[in-house]
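First comes one chain, alone, set out as structure tokens in the form predicted on its own.
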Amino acid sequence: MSDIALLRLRGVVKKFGGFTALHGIDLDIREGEFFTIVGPSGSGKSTMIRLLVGMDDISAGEIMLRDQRIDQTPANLRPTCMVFQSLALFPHMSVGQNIEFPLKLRKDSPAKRRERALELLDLLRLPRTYYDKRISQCSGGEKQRVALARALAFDPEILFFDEPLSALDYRLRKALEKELKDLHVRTGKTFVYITHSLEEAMVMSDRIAIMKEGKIEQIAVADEIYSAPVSRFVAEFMGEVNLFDVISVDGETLQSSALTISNDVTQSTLPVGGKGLLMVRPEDVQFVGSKDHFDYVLEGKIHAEYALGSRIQYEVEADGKILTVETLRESRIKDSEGLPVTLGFNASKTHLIGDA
């Protein structure tokens, strides 16, 4: 992946009548990266990709590709391609004819089209015998590969994906996530991917943008967004999380009505009297034994237990709210419901979110 920005958005606004779907988006997408835009329904992610691919016009701002404005360029003249959720394959055509369709529009010779289609079947790890196979005879995973092959046929600079895996069953979706990541590495193309699935984004992406109400809340690598979110929204969107209201006593130490805090913990980055949220993920909270010492502790009672394969998730009622604790399966507590417990975690496993 290059450090060079291939695609730039500056002050991009999209309005539908009196409703503003995107509010002044600034964004750089690097050449060769797998960039994923994630957000709940209505956050603006689908509107964003429609603007990038040229299916809708921007209301203000500019979109640059290699320092050339493309926001006024028709979609069919941009060096980009879109893979839709519906795939939009032609059911009456063979696999080969579907892959060749953009090359036929470009008026390439039949021999050249066939050669390219066979190359792409190899790239997508489909047998060359599939060239004459009907789309209606292909499985869901095979159709996904054909759609990818057709998108690559025109050799676009950027491939856009609009939730292409959302309609597939879990096992197939997990397999194709890995295949997409592998394909990205093998082709070296720039992938821009839209999804509501946090799990998809974390498996495949070089960087992730989290959207909320037409704005970008945070852009970073998956680990950074997970461990150091910039807001309550991002923290909660990135999975199960425990959040505690805190206040800075003297600019160095924190105070919380819910927590007993060790005297030697100094981790405040808030101004004196500043309020914030102390975040700790469920896997970093532990049940405290008699000889254990933690920077933060609180008392609670186990409310519920859930088996998650190799892990066990506990809901613990403490300080008038439900907290979440995850342990390995071998650490499972017998007859846990209603059991009084002490929870503990260390400052090194927490993250402080300011301006709560």
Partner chain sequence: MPANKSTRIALFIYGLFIIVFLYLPLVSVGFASISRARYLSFPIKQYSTKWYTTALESSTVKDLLLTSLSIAVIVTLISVVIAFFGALSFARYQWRYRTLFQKLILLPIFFPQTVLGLALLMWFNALGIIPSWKTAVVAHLVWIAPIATLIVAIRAYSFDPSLEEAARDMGADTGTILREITLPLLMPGLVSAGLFAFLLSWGNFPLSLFTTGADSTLPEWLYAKMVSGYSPLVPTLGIMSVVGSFMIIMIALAISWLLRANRESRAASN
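Since we're looking at a predicted model, the values are computed, not measured. Positions refer to the first chain, counted from 1.
Below, we refer to the form predicted in complex with the partner chain, which is not included among the displayed structures.
Although the partner is absent here, Phe233 sits far enough away that none of its heavy atoms falls within 4.5 Å of the partner chain in the model of the complex.
In the model of the complex, the partner chain sits within 4.5 Å of a heavy atom belonging to Asp132. The partner chain is not drawn, but in the model of the complex it has no heavy atom within 4.5 Å of Phe191. Although the partner is absent here, Ile58 sits far enough away that none of its heavy atoms falls within 4.5 Å of the partner chain in the model of the complex. Against the partner chain in the model of the complex, the set Phe16, Ser41 and Ile216 makes no contact: no member has a heavy atom within 4.5 Å. This chain is displayed alone, yet in the model of the complex one of Arg125, Arg171, Lys178, His92 has a heavy atom within 4.5 Å of the partner chain; that residue is His92. Checked against the partner chain in the model of the complex, the candidates Pro102, Pro282, Pro229, Gly141 yield a single residue with a heavy atom inside 4.5 Å, and that residue is Pro102. Partner proximity in the model of the complex, defined as non-hydrogen atoms within 4.5 angstroms of the partner chain, places exactly one of 107 to 115, 208 to 216, 193 to 201, 270 to 278 at the interface: 107 to 115. For the partner-free chain shown, Ala75, Asn76, Thr80, Cys81, Met82, Phe84, Ser86, Ala88, Leu89, Phe90, Pro91, His92, Met93, Ser94 of 75 to 96 come within 4.5 angstroms of the partner chain in the model of the complex, judged by any non-hydrogen atom.
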